[in-house]
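Just one chain follows, in the form predicted alone, and it is written as structure tokens.
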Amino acid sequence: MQYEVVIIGAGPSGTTAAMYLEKALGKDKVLLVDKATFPRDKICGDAQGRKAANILKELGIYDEYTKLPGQKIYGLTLSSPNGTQIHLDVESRDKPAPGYTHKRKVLDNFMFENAKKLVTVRTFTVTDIIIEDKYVKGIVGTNEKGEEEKIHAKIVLAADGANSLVAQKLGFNKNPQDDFIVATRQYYKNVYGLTDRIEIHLVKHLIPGYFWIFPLGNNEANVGLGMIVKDMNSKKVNLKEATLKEVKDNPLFKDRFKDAVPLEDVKGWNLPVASYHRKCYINGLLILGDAASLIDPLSGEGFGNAMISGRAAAQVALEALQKNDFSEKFLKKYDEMVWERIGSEIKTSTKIQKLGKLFPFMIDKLIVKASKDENFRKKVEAKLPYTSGREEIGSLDFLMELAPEEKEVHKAAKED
């Protein structure tokens, strides 16, 4: 059968695109395929912010989303390399939460089930893309019966994740080591002191990587550690061993984990980050979400950006169908649309990450000052990733206020 659109991958970017496309094309014109049977696990930090919420509201499924098992998130607990901790709030408890944590096994299944109501869905393992006359015209793979099958479409959306087969086939997956993060995840029960804030701990020997504890409700937590591949290799860090060592030995955590029970072994995954701007379009095809390397390089969060790419891909695919123009030249507007939305914050995140790596003592200065000066702490709260003020935290003006004597830091901020 010939479809208008085939989407590879039923994660957040693929399901978002599917739901937007259905509104214009109807169920039978859009095919969503995934090799997995849902619900399935997805290794992740499990946190979502306002970007995801805005799109869920547009899709009309936000109220259902807030009822999923998880935790409302109102802020952030942050610790510096010297062990100073501060508690930052983005919103007061009498207002809607700006973020949530939901296990991806639950959240992705929620997205999948909503998409399944609207578009055609199949279990299908993609092995290749069909290229005819220099245009992508569909997919090849193994169907539910274990048979090889070809499926044709006017345009293909590849939302097949960080290890994207499509990106590999096209040679678009080669991020430099500076633009790849490796992270771990381990679920725990009975971690002491969980709140309605996510926790990010900037452990000295892991900068600019960090250790996290994200509450999930039901007295469970997502515990993990992320580092840039280049730094991990140069420092010869074994992430699994480092994760377990922090839990056991770090003075901030060891009492909190005294009675904690791990619910799984430490698991790892790769995160291609958006500090490297990958090409994400060719004739007849768009690449979405993690497959397009859209993960924030500072926070490691990719869910919201994946949904943004899904919405943009649906919009551009519809325009391409209306104009019958699936050329790379026309589809480039998808890339422009995505980066117009996320570009400035990715640039800021990359800048903050680099400054933190070059001048780790500045992180101590920031957190110590915020712990002692309430007015300054409120300024920091207004610049958290959940807010619209993040760009200011890497600005020269802010750094001069934080440390007026640090000329080298000011120079680096200017150069960036």
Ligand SMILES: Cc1cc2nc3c(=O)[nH]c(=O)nc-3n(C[C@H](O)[C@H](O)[C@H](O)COP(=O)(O)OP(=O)(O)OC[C@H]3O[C@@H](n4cnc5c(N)ncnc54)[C@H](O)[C@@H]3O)c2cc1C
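Only a predicted model underlies this, so the values are computations on that prediction, with no experimental measurement involved. From 1 onward, residues are counted along the sequence shown.
Unshown form predicted together with the ligand; subsequent notes refer to it.
Residues in which of 342-350, 282-290, 246-254, 168-176 have heavy atoms within 4.5 Å of the ligand in the predicted complex?
Heavy-atom contact with the partner occurs in 282-290.
Sole residue of 316, 295, 73, 119 within 4.5 Å of the ligand in the predicted complex, by heavy atom
Comparing distances to the ligand in the predicted complex, the residue within 4.5 Å is 295.
Can you pick out, from 84, 77, 114, 270, the residue that has a heavy atom within 4.5 Å of the ligand in the predicted complex?
So the residue touching the ligand in the predicted complex, by this definition, is 270.
Although the partner isn't part of this model, could you tell me whether residue 380 comes within 4.5 Å of the ligand in the predicted complex, counting any heavy atom of the residue?
Although the ligand is absent here, residue 380 would stay clear of it in the predicted complex, with no heavy atoms inside 4.5 Å.
Is residue 338 close to the ligand in the predicted complex, meaning a heavy atom pair under 4.5 Å apart or at it?
No, residue 338 is distant from the partner.
Taking heavy atoms and a 4.5 Å cut-off, does residue 368 contact the ligand in the predicted complex?
No, residue 368 stays farther than 4.5 Å from the ligand in the predicted complex.
Test of understanding: in the predicted complex, would residue 231 fall inside 4.5 Å of the ligand by heavy atoms?
Taking the distances in the predicted complex, the answer for residue 231 is no, it never comes within 4.5 Å of the ligand.
Should the three residues 35, 301 and 306 be counted as contacting the ligand in the predicted complex, with contact defined as a heavy atom within 4.5 Å for each?
Contact check passed for all of 35, 301 and 306.
What are the residues of 8-45, in order along the chain, with a heavy atom within 4.5 Å of the ligand in the predicted complex?
8, 9, 10, 11, 12, 13, 14, 33, 34, 35, 36, 38, 40, 42, 43, 44, 45 sit within 4.5 Å of the partner.
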